[in-house]
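Two forms of a single protein chain come next, each set out by itself as structure tokens; they are called structure 1 and structure 2.
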Structure 1
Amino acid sequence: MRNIKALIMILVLGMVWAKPSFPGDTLTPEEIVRACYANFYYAGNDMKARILMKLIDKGGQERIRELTMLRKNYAEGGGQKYFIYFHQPSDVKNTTFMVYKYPDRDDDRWLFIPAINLVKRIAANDKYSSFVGSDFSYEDVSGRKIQEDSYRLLKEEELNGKSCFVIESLPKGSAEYTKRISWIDKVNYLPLREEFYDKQNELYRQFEAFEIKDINGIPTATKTVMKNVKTGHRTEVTFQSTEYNLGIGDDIFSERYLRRRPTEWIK
């Protein structure tokens, strides 16, 4: 039953979740990536998660961020909305971040800075900037559009005992990277590792998923790390609690709640 429910949700979004029947029983590289995006960014109809984020420098010094993320999917074209509220530390407490994700144009992003009571619109070109000082970019939070890259299956190999597709993604236009290599689990289609290469074709960032749990029948990456391999700085993200299909309302994703958190969802 849980696989049927997940399949229906992904089909509504026009994405491939379960492995379909193809000649030779194979998926195209783009179909593999679509399945990966569907399971990583679109799981459930909506989601609420309490997240612990650790920013760790080369010397081991830590800075902590605690936040709540709300996400809602929209069937038509795969649009989404995100709302993120920061609980601590004091320098980011009450900061909120919101994303309207569109399938066919640049996403809208807003950041509310409580210290100056300002809602800041984040320009499209700033999507590659650091998300609140972490090693994740604004684009990493809600995901890159699939049609912005071209894809090639490099090989199939095991990573930490799990059989994976290894996919190369090359930007068709502007991007933070010139090449991205992804290890995608053949069973649950979640990304287990991603490597980002710069204009010198040198590895500069690496993402890894260290823990995946089954939450209400949905495979969920609950512990991930993004590392800047050139500076040694890394960001560890732990999903302390995750809930799906809660019936989050549209009104949550508004400027009103950027300035005043929706207490029924965020305590």
Structure 2
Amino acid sequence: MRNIKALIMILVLGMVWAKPSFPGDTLTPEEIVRACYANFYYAGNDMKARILMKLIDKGGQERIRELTMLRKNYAEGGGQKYFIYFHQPSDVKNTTFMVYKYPDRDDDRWLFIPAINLVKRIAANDKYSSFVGSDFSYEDVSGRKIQEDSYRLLKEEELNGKSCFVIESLPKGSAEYTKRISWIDKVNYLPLREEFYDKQNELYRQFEAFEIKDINGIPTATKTVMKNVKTGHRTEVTFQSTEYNLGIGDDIFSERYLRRRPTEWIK
């Protein structure tokens, strides 16, 4: 099953690269989003990134989160494992966090609290809740399942000099948003802007990627921001260093390393 999905993805991507100038003619809106998810959430076989998150409230006060994220794909668009180690704030240093993402059921999450030397599994039935206090939800960080929304191509337009598909996603079941509009770069299929609408059908969150870098041939959004329009709170994310295809071993994603960081990967 996973292999079939991977195959489809490869085919889709193949088509994308084969016909970069007129993809809209051949790709359905769903296929565009699928390609977007693949490039945004599943780039490379694995990834290591040192990430700086600035949580900035309306009054300009900041909280910092500095973390190293290890990510390994198990199937394109499907299973994934995340390992997150916090460097900052200093009083939470050594705190680690791990996510197993499954294609067909809720994620598993574990947290290690060093001050009481405790690993706890965290039941994650709220994928909409905030990721470490930021404006990103868990879902924003690890992606949504493609079949959860229905898609419509609204138009194609330029955004900051890049031509984009503008796609509207409407959730089929209950979701955090009632409507999402995404500007997806026609060339690299990364989301350049996303708007989330709430139950009152008002814009409440806005995502923007304002720096895209080519890393080992993989286009990567290295500077992004998620702004909560309603509260004035925003989260700025900078990928300070990013590497792909390092061959991160399966054993890293285990309780053992939660308690003692894998120094091989995280210094």
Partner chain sequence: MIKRIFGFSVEHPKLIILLTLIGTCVFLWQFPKIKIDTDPKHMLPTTSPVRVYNDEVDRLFSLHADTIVLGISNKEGIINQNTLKKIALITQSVLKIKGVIAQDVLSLSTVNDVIVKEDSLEVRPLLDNIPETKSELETMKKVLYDNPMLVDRFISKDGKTTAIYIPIEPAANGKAIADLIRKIVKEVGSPEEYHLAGDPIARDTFGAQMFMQMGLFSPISGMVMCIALFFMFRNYTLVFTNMAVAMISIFWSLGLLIGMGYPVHIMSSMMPVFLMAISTDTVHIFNEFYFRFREVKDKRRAVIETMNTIAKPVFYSDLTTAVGFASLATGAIVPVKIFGLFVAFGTFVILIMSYTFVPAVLMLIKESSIQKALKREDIKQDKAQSTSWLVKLGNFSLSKRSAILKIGLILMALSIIGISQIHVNNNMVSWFKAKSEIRRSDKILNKELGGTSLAYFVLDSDKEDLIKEPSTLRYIEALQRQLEENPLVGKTTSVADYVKHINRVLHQNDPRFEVIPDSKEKIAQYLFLMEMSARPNDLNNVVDYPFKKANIWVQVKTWDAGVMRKLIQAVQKYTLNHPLPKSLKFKPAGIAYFNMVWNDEVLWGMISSFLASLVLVLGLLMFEYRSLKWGIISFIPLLATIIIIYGMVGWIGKDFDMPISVLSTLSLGMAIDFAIHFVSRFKQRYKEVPNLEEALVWTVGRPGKGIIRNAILFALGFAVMMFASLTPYITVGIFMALIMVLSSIATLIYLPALIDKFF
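These numbers were taken from a predicted model, which means no experiment stands behind them. Take the two forms, superpose them, and find the largest set of C-alpha atoms that agree within 1.5 Å; that set is the rigid core. Every residue number counts along structure 1's sequence, beginning with 1.
- Each of the two structures shows the same chain on its own, and it is structure 1 that derives from the form predicted alone.
- In the core-superposed comparison between structures 1 and 2, residue 248 has its Cα shifted by less than 2 Å.
- After superposing on the rigid core, the C-alpha of residue 258 is displaced by 2.4 Å between structures 1 and 2.
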